[in-house]
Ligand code: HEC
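First comes one chain, alone, set out as structure tokens in the form predicted on its own.
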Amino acid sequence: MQKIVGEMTFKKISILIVIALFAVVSACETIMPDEPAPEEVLAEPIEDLTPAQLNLHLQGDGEFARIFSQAEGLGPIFVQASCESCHIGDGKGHLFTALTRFGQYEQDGVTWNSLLNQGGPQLQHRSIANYPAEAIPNGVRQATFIAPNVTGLGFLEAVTDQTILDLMNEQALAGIVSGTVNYVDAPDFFTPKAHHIPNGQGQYIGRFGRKAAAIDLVHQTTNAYKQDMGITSDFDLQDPINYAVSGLSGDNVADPEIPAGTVNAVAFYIQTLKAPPRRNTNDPQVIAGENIFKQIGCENCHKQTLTAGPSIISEINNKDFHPYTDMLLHDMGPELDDGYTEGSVATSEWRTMPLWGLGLQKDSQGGTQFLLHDGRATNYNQAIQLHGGEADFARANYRQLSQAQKDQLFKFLDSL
């Protein structure tokens, strides 16, 4: 009898355990969201990487997410402690993580001064312990920049300078818009590739950043480590300094704080992130919106298709891709003129931002889109209404659309 009772007790306990496990699993299925579809995710590598390339990509991925401490060289003044803090999920940044740039024109009104001897071109509003954060000098011009998404940039890096110059010349001949390039001084560590074409002053075409002030992804990554995190590398040994305090760094960590290999790994990680995927391409409303996009003139600057040049990455090598940018700078009129610039471009000129990934942007911004370079627009209508200058004719055409046509245009933009 005791044996029978023991067996019954064991069976009851087993049944209770099974019921409990079922309840836990059911609860998890209710609480945990479904795994997102591939077309809804930005942070994935491109296809067909070799084992060595994938290993380097994963190394860069880890460094991209790394959170620096004061002991590792963070600061002494900085904006964020990791790359991921500005580019959440490799997507576009938020107003809470926005960057502030500043500078001023010289007395001639032509030469731009980035105020390097006063902490420019970027404000570092945070600091390590016992070191004061930076403040913007009086009387300077400043602008707010939201970090862009970093996906698909390897394709843009592989577009040849000749392709960019050809687009500029084609626009000049057509006479509708007139894009230009920003020739910038190359840093000492820059190694030109076969597709880079210098101008007569030894400068190269910038292609990354809101004002196209970085030539390639190593250049852009090196700048970000220093200006955003205060991390020195073999490529740039000087910490950012709060010149209102002294002319000396104050983090007491030997430079370089990271080796060139780390910068190269992060640049390669960004280079090998997949292009933002399209969605709902067969939706009649999306198709209609795409036709409207072309008809009103948006594609004059937001060019749908470009072709990459030679690349060691097979998925990029000489491939067509669809970023919706011409990679040129355009005068956007007084509405978007912040009075700030980088290099030789006008303060009202901005690089045509790629529109791919636009529909996924809010996922990295807390559910609300913050559009344009400074996040001042929170919907497509507001952003388009601020497009003046060379885009004024497209804006005028947009204003003639019915609300139904505008909704179709917005559905197309959401599909990118």
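Treat the numbers as computed from the prediction; the structure is a model and nothing was measured. Numbers for residues come from their place in the sequence shown, where the first is 1.
The following text describes the form predicted in complex with the named molecule, which does not appear among the structures shown.
At the 4.5 Å threshold, heavy atoms of E157 stay clear of the named molecule in the predicted bound form, well away from it. Mapping the unseen interface onto this chain, L56 falls outside it, with no heavy atom inside 4.5 Å of the named molecule in the predicted bound form. Within 4.5 Å of some heavy atom of the named molecule in the predicted bound form lies at least one heavy atom of E390.
Of the heavy atoms in T352, some are within 4.5 Å of the named molecule in the predicted bound form. Here is the short version: of A147, V253, I164, I128, the single residue with a heavy atom within 4.5 Å of the named molecule in the predicted bound form is A147. Site annotation in the predicted bound form: the residue of I215, V181, V266, I77 reaching within 4.5 Å of the named molecule with a heavy atom is V266. Proximity of T97, R101 and R210 to the named molecule in the predicted bound form is complete: all three residues have a non-hydrogen atom within 4.5 angstroms.
The partner is not drawn, yet in the predicted bound form one stretch among 241 to 249, 108 to 116, 297 to 305, 186 to 194 has residues with heavy atoms inside 4.5 Å of the named molecule: 297 to 305. Taking the named molecule as positioned in the predicted bound form, the residues of 71 to 91 that bring a heavy atom within 4.5 Å of it are, in sequence order, V79, Q80, S82, C83, C86, H87.
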